[in-house]
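A single chain comes next, written as structure tokens; it is the form predicted alone.
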Amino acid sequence: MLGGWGNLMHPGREVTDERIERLTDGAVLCRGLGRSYGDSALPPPGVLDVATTIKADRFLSFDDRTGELTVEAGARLHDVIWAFLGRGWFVPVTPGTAYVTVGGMVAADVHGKGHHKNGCFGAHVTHLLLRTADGRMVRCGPNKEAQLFDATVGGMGLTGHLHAVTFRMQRVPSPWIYQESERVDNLAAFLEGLRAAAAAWPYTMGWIDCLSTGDAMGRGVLYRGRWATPEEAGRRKTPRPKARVSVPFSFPNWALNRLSIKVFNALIYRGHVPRAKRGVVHPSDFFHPLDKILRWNRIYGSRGFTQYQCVLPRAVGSQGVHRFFERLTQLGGASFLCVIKDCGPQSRSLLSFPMEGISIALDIAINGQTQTIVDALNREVVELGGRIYLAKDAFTQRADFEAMEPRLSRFSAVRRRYDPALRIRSRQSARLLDPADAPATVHSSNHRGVDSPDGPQGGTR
């Protein structure tokens, strides 16, 4: 069985090889470290093998004048960060975990706390080396095979198999982060705080207690950050990767319930003392706080969980965001973790998630009401003109996705141009994207598969 970070298991097995050109020969889909929450990195129905790139992880070249780095698609973000941070470089965009592959970052066009300033990862990619469904190796970029590039960035691995990625690293004045955090009383204050912070800070985000109601709805903690100056960093040595602990077993399914989540949220909110804090912090504490706990997904138990992430356009204002949270409260969607971020303009990529507005991400334990909750939230998002993030989705239905994604026909046309028979597919594409005449089955690879009961250990595709 094979799964993703949400612990949803499906029939499948991993195939791996250090030679990426051999690995992708005839593969139906490439998979990174398995950190997609839903089914985007799982083979489609009727297919067993999926190629995983985790052994194709070499650093190929680096230009220390321009910061341009080329790596194989299976290179881990964690390794990139710690190879270059001490040399004064950092990745231009990082998602909330460092345990992803660079190929997965392209496939999901990941964003982070700095989207309002730096956009998505794809905005910093200069070249991709891609093997298309007919076996051709194609080099594409913003100005070369641009339509293929725009469909591949954010295209969830459906336009071809990524072999190598070239992108620009970012110079940083020190390897430390200067952070300010502040307890915020309600949703209106939170949205105003995000708006004000976006004008002055390169990184912003907030944690929200989404179980609070009434005047306290949307209360939480707002974070602002930037790279510390050498003077602020002082005599601190270059930080090292944080020590990690692991959740050793899956929690009982009853452990996370509305009461326990409400208590947890109250402790986090009231435990932020004093009300406002500031100081220099470790970059992992700022960018990847949950990476200190390996297999934290086990707290949701054997039933697993889904993360519902949507973005609501700026035009709906605070009223639209408030409406979304009211609907969530009515549905009883208790969320252990709710993160809100400010997003900048939409990118050129055809299926990239962010648009200018507010992103909301909710972890929801899977039970008999999950599909009902997702369907209801999707109806709100469609009416408000927003959309959902494919890297997190496991439950959205085709009609809802088509209603929220006007760029879909353009993506599908490019995909068909390079893969007329739709040989490259996923369980997610079968659910949301593939037409009725797509193949029902595809022959498995000749490589030896490796069963993976827990799913692989990180990666967004």
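So that there is no doubt, residue numbering starts at 1 and follows the sequence shown. Predicted model only: the values in this text are computed from it and were never measured.
Not on display, but discussed next: the form predicted in complex with a small molecule.
Proximity to the small molecule in the predicted complex, defined as a heavy atom within 4.5 Å, singles out one entry of Gly357, Gly218, Gly157, Gly122, which is Gly157.
Contact check for Gly344: every heavy atom lies farther than 4.5 Å from the small molecule in the predicted complex. The closest non-hydrogen atom of Ala394 lies beyond 4.5 Å of the small molecule in the predicted complex. Although the partner is absent here, His161 sits close enough that one of its heavy atoms falls within 4.5 Å of the small molecule in the predicted complex. Proximity of Pro95 to the small molecule in the predicted complex falls within the 4.5 Å heavy atom cutoff. Residues with any non-hydrogen atom within 4.5 angstroms of the small molecule in the predicted complex fall in just one of 27-35, 63-71, 398-406, 414-422: 27-35.
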